[in-house]
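Presented below, as structure tokens, is a lone chain in the form predicted on its own.
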Amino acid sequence: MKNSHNRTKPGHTEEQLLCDSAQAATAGSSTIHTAPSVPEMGERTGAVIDEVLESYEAKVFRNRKKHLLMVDHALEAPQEIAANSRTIPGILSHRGCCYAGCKGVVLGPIKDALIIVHGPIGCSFYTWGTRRHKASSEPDKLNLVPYTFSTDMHETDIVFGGEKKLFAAIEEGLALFKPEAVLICSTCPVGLIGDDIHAVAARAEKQFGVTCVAFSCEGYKGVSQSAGHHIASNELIRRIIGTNDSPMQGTYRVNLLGEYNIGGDGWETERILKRCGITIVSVMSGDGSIADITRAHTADLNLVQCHRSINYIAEMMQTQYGIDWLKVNFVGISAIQKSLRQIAAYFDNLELSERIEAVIADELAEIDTELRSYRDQLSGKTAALYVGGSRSHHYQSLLKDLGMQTVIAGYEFAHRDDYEGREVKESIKVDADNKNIEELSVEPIEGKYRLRISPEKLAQLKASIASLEQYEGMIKEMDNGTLVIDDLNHFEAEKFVEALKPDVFFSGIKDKYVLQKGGVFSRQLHSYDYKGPYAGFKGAINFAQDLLMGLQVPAWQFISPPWRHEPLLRGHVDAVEEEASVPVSTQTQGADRPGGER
């Protein structure tokens, strides 16, 4: 290799980390793509990383080489990757803004809150239903998820200020819908002109007697939508959580954090938990409600699905209320079983453990025939994942259950701990871009803090439950020789796909169609291409079915975009008569030229 990019070749193990499944496809399926061996994959991955980096100028080269990593578990020191840093100007990446993370991800799925976007109408439209947060409409209960509300700021509002317009919008919304709370999200122009949305919220709350919370989530803050997750978590913990002390009736009470019910994922997860006898106090925030979130502090355990977007709340609730948290994954058949058993281990109750085992056995028996069939047809296929949140990690478990191998994985807006594990958090240096995101300092709340289990018992459980207050990160579970990418851009995507040739690329809406036009089948994991749910045991079958249907469509093999064969721009040079005797300055122009044309 030409460049030293901290990419030692992986150990020459012959272990093929695929699930036990048949290697031949059933009749009628497409040709099976045999996954490369570990040494072969490492050679290909290292070569393409070199090729990509050598295409960049020196400054870009120095930046991007820190964001690309070939997994090698044989190295003595843990591998480190750069993350949560500013995207290089001019590179077309797939990130969203701070506002998108706050309103579009964390707050948007809350169904009984009036969420007003203070800004131009385009910002509100951007987060209107694009992530397919499903919410149930119950009798006599509010569901505002299908709506979007905006102050629709225009040029005059930018010049003279929009605080009066915001107050009027709050008044009108309260009269029309009578929500449990009003949540105000600011966009870039609001931060630039200085509208005090917190003062407006305080005045409205005092006048109308309804909780009004302002979120200063201007899009330019931070380096990606991750900043918005943090801002949303801060205000929820400060103003919403812990304001209703009436506990929910039931045993083994949990909060489901970082579950946004995309395509109905949350409903399938709730169904399984309820079958096990586990009581769900609140969900943050898919199909969630302010009414439930206010008493989240009465739960016995927090279950964290998406670590990046909601770990802030899990940590602060542990400090304020004494609630321990467990990192779970309800995507993937093996992952679901592991998470359910860890929940049983935490509560240390034989009856609960037996019930969970019975539910697992019943759910597995129900999907067994279909799972075997799909596994036979998908075994040996390879995949690439580039998604936000924890999905690039979570779905690798499900792919492995189906006999598939992940060759490329990356996040849009992760931090280093999402890649390397939480043990690196203390060593992460906070740069200027992230210093403008408030870090709340919380303390135990007198009268509401209580230990769920003793410190001695907690220490014992941590020794046996790897995910208790811990997240191992994505890299540890990836195969040697595979590629990890942070903040992928279009150029890199095309190069890596061309070299590693995954059978399917799981991505978001911004890059899905670019990939498909290049002849690579792509499934969207931000909104599931209007399918789902994919969580849970039955969701795994839905996922396998949708994936197989796409892989068996031969159209992707025949796509050849025109730019591969002919240039997009054409030009020609017209013959010009020699006029050597005429000085240039005296040559005629326009209609005086032969042909009367300029």
Partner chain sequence: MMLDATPRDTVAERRALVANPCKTCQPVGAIYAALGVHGAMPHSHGSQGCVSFHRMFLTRHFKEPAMASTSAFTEGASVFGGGANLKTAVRNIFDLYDPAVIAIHTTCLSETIGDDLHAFTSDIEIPPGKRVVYCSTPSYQGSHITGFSAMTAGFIEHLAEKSGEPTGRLLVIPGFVNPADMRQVKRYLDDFGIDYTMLPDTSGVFDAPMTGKFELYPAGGARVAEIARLGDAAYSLALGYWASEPAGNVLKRSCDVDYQALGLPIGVSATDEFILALTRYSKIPVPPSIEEERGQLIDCMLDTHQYLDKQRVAIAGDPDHVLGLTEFCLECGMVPAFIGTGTPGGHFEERVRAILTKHGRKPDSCWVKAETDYFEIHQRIIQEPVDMLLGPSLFKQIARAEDIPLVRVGFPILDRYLHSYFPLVGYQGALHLLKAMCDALMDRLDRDSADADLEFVM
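Quantities reported herein were computed from a predicted structural model and do not represent experimental measurements. Positions refer to the first chain, counted from 1.
As for the form predicted together with the partner chain, it is not shown, yet the points below apply to it.
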Would you point out which of 50-58, 65-73, 546-554, 531-539 contains residues with a non-hydrogen atom within 4.5 Å of the partner chain in the predicted bound form? 50-58
Could you tell me if residue 252 has a non-hydrogen atom within 4.5 Å of the partner chain in the predicted bound form? no
Within 4.5 Å, heavy atoms only: does residue 130 come near the partner chain in the predicted bound form? yes
For residue 149, is any heavy atom within 4.5 Å of the partner chain in the predicted bound form, or not? yes
Considering only heavy atoms, tell me if residue 224 and the partner chain come within 4.5 Å of each other in the predicted bound form. yes
Identify, from the list 275, 134, 341, 95, the residue with a heavy atom within 4.5 Å of the partner chain in the predicted bound form. 95
Can you work out which of 291, 158, 458, 440 has a heavy atom no more than 4.5 Å from the partner chain in the predicted bound form? 158
Just to make sure I understand: among 166-202, which residues lie within 4.5 Å of the partner chain in the predicted bound form, judging by heavy atoms? 168, 169, 172, 173, 176, 177, 188, 189, 192, 193
